[in-house]
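The chain below stands alone and is given as structure tokens, in the form predicted on its own.
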Amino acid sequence: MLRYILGRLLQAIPLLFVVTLTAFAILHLAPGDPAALLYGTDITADQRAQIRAAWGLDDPIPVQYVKWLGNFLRGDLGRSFSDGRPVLQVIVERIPATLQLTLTGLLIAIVLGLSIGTLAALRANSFIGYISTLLSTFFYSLPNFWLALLLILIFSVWLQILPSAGIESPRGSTGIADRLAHLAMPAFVISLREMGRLIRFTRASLLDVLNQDYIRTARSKGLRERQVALRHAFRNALIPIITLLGLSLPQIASSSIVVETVFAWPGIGRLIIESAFQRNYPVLMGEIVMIGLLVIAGNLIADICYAFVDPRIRYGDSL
């Protein structure tokens, strides 16, 4: 297992290099001058040149990337154009809010997705099964930004029972009830798309396993359907579901960009939008590296979980 993990980490190095190189080129070739956006259009040409020289923006793009890569390998992500603070500090300040939102959304998606998907498989030819399939398609198809605006309209404007934005009330309350009230709508929006995918994958995977010969043998021994499904079928059906869950956290983190912007949630997603409008290249590159590492970690965690779900899997022998 250790050999497999080290091999996957080594394989991730060139992938991360390609991602950062592509992202760096796209960001610097995009229209817009950070000096003008951050310091206004009233500055003179000499002042703009001095600002660009101070931030190293007057160098050719390949030279800028080599400098950034060298600093990155030393653990230095640079400094934010907007306030001069270290990029790592800027990102770390936003991580708790994003983790709170994404992990809550992922937990909701896992609990409801697996439960409804399992029920849909066990009642495949019933009304419950058809409704579950319809709901999963509906949940997966809903645009996050549209659902977020709809929930704000219903629960904040019409019913006035939930706050429309922020992570806490303006009065600075840190009570759990206040935090949950602010978390309810964005976490639900974050979870809905992944919930729809989990329902469909769980249903399809469990139905496939329930048609296997060993399941029919278990039934012929007189075991109850619930025992057959949960003890024998569900464990083997988890393999493709784990693959989906390994990719869910990075995808939820990506979808949080829209959700955090709509709900003014002070997390990484909102920081990405703010940095993009400011052409704050160092912060954007730091966030791209973080998302890339999150994707790699999600895939690696999913692969490791395979061995715990199915002990027959041995990664070390495949290398």
Partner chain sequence: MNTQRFWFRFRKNRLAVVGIFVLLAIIALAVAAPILAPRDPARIDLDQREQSPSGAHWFGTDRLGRDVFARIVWGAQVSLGVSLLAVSLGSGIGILLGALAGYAGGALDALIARAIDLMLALPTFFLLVAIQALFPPNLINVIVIIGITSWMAIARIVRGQFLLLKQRDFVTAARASGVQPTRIIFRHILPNVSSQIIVFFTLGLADAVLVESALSFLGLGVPPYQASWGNMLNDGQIGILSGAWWVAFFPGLLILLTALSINLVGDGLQESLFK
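Positions refer to the first chain, counted from 1. A quick note: this is a predicted structure, and the numbers were derived from the prediction, not measured.
Not on display, but discussed next: the form predicted in complex with the partner chain.
Contact check for residue 26: a non-hydrogen atom falls within 4.5 Å of the partner chain in the model of the complex.
Proximity of residue 150 to the partner chain in the model of the complex falls within the 4.5 Å heavy atom cutoff. For residue 127, no non-hydrogen atom is located within 4.5 Å of the partner chain in the model of the complex, even though that partner is not displayed. Proximity of residue 66 to the partner chain in the model of the complex falls outside the 4.5 Å heavy atom cutoff.
Judged against the partner chain in the model of the complex with a 4.5 angstroms heavy atom cut-off, the residues 158, 200 and 291 are in contact without exception. Residue heavy atoms within 4.5 Å of the partner chain in the model of the complex occur in exactly one stretch of 177-185, 141-149, 231-239, 80-88, and that stretch is 141-149. Distance criterion of 4.5 Å from any heavy atom to the partner chain in the model of the complex singles out 276 from the list 36, 276, 57, 49. If you take 242-266 and check each residue for a heavy atom within 4.5 Å of the partner chain in the model of the complex, you get 247, 250, 253, 254, 256, 257, 258, 261, 262, in sequence order.
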